[in-house]
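Only one chain is shown below, in structure tokens, and it's the form predicted alone.
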Amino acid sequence: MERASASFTTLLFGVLLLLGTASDSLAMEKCLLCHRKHDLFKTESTGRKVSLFVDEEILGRSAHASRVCTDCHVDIVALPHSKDVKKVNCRRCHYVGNPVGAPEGDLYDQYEHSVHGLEVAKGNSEAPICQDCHGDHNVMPLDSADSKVAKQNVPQTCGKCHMEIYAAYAASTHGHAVSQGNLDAPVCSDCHGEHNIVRHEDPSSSVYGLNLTATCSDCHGPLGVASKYGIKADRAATFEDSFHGVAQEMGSRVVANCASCHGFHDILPEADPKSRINPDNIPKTCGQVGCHPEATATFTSGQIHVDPHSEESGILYYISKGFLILTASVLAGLMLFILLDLTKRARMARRKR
């Protein structure tokens, strides 16, 4: 009897599972009667045509392949449905403790306080929402090469809105490396963040002037990947020891930072004639408004990222060594003088006894 009961329970579960799957398939089929048509579209108030075609093959490979249409389009309760279908609210599933197995985190809260989220809250219809970056019916797992937010695809995704910046980045040393498949190079989100992007004037921004050194040192510091490609890993440290770095440490908001000299999205190797740090361009770079308007060609004769502890710094290395020896000698002489003086005082004290 127990075996029969167990078998019946298993069979019942299987039947229910099949019925549920069949029901889901039927629901999808009803939607696809219209949405598998390539010429199905709607016209927005701006006159822009938006395709309503759903590619079944792509949807079947997406992160939401196991979901049915109404899991996301919750305002559709009958067919045919109203033409006024609301945009999908991804937060219905993507929150901490959700019961459907969606990735958890406070990413949506970060987004709401980001420059994008704040613009949406103001009513800016051009500001991006989840679907603009992650996709709609083609949301792919993050580790998929087809994902819009896979690292190699991030520049193109951001470039849909930031076209001029994308053009400058694509021609830069970072953009060129990523296009060649080198994912050690940074993309937009590595510098600006992902869901928590704020304006560069905001002190909390990772690309705010006073924060740039720390942001750049993630790659160009001792723990970064720069040394892997023959780029010195002391760039952040030597900057911090320079006049500019010390002034920045003291809170100066106008002193030069990494981007002031190397550029923002248009960073190029020193040897490139278009690079801001090419020797021929140094006078212009240093002479920009607010910096050194008197800059001449002599500015190129001095070293910039100077490490006084390295022989590569030339005479500065030997001067540094000389001061170190001089300081040590003075301290040693002072200690010897104090020791001799104490010895003499001790002898005199014994004689008086």
Partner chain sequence: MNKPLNNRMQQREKIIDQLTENLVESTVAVLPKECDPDTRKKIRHEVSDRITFEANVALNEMVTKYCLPETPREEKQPEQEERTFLRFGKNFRAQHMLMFVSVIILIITGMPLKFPELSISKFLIIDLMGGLENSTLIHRVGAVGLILVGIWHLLYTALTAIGRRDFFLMIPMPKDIKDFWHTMLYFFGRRASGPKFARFSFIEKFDYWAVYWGMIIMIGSGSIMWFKELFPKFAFDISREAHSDEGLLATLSIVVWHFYNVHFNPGVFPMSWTWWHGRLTESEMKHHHALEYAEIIEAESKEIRAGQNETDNTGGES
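Remember, it's a predicted structure, so these values are computed and weren't measured experimentally. Positions refer to the first chain, counted from 1.
The next section is about a form of this same protein that is not shown, the form predicted together with its partner chain.
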{"query": "Full three-residue contact with its partner chain in the predicted bound form, heavy atom 4.5 Å, for Cys72, Ala78 and Met163", "finding": "no"}
{"query": "Stretch from 178 to 186, 256 to 264, 192 to 200, 241 to 249 whose residues place a heavy atom within 4.5 Å of its partner chain in the predicted bound form", "finding": "241 to 249"}
{"query": "Touches its partner chain in the predicted bound form: Thr327 (any heavy atom, 4.5 Å)", "finding": "yes"}
{"query": "In the predicted bound form, Arg347 touching its partner chain (heavy atom, 4.5 Å)", "finding": "yes"}
{"query": "Exercise: Ser320 in contact with its partner chain in the predicted bound form, heavy atom 4.5 Å", "finding": "yes"}
{"query": "Close approach of Ser66 to its partner chain in the predicted bound form, 4.5 Å, heavy atom", "finding": "no"}
{"query": "Residues of 276 to 301 having any heavy atom within 4.5 Å of its partner chain in the predicted bound form, listed in sequence order", "finding": "His292, Glu294, Thr296, Thr298, Phe299, Ser301"}
